[in-house]
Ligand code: PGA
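Only one chain is given next, in C-alpha cells, and it is the form predicted on its own.
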C-alpha cells in the first residue's frame, strides 16, 4: 500500500491519538470506541508501511515514522481547515458555519448571544461545544472550532485573546448559613470549612486553589464535581461552600436558595476572553460574532456582568 491510500479520517484519528498519547482519550474525544480508533491507526500504519507507535509499559510513543506522519497530518488538517475558512469568506455572512467551544460557566450567557446572532444571520449554521478548560484548550490546539470562550488567555498556544466581559468569582452558601448576615468575613475563617470544588482541569478550580494557597487556607474538600449545576444543588443542600462565577449563581441568589457571603478578598476579579488560533484568519461569521461580543446590542445589554 501507499500513504496516498490513507484517508482524511485516518489522519484525523491518528493525529488525535498522537496528541493525546492515548487511544482511550482519543476515542472519548471522537465519540468512538477504542477498538475503532485502533483499527483506523492500524490501517494507516499499513498504508505507510511502518509502525506509527511503540508501546513501553502502559504508555505509547511515536516511532520515527509516526513523528513524520503526525507532522504531515497536522499540516494537511490545518490546510483543509483554512480552505474551509477561505471558501466561507467567499460566501460572506449569507451562509456558512460558526463553531464555538466554551467553558461550562459560559453556558449561562453565551447561548443568548449565539441565539441573537443566529436570528440576525439565519443562513449561518452554528454549533456549540461545552467543556472544562482542559477540554477547550485541547480543541484550540487542534483548531476544531472558530472561536473559544475562556476565562484566561491560552498559555503555550499561539492564539489571539480579547477581553469582552468581567467574570467575578464569589463565595456562596445555602440560605440560612450562619455567616449569611456577617460582613467582611476574614479569609482565615475558611480554614477546614467544607467546600464543593470543580473538577481538576477546570479554570474555576485552578483560581480557587490559587486563592487558598495564597492565604494558607486548607479547606475540607467534601466533593469534586464537574458541573456548576450539580455544585449549586450540593451547596443548596447544605453540603458545603463553593466559589463560583457570579454569572452562574445569579438566578439562585435572586430566588433566595443561595446567599453570597461577604468574604474579604472576594470577589476574585477575572475576565472572559474570546480566543482563536493566531495563524488562522477569522471567517466572516466568526468576525461578526466577535464584534457582537465587543458591542452587545440593546437586547443583550442586561446580560450577566456585561
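Worth saying up front: this structure is predicted, and the values here are computed from it rather than measured. Positions refer to the first chain, counted from 1.
This protein has a second form, the form predicted together with the named molecule, left out of what is shown; the following refers to that one.
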*Okay, which stretch from 52-60, 66-74, 250-258, 268-276 lines the named molecule in the predicted bound form, with non-hydrogen atoms inside 4.5 Å?*
268-276
*Kindly confirm or deny that 151, 198 and 204 each have some heavy atom within 4.5 angstroms of the named molecule in the predicted bound form.*
yes
*asked:* Taking the named molecule as it sits in the predicted bound form, is residue 133 near enough to touch it, meaning that at least one heavy atom pair lies within 4.5 angstroms?
replied: yes
*Would residue 103 show up as a contact with the named molecule in the predicted bound form if we use heavy atoms at 4.5 Å?*
yes
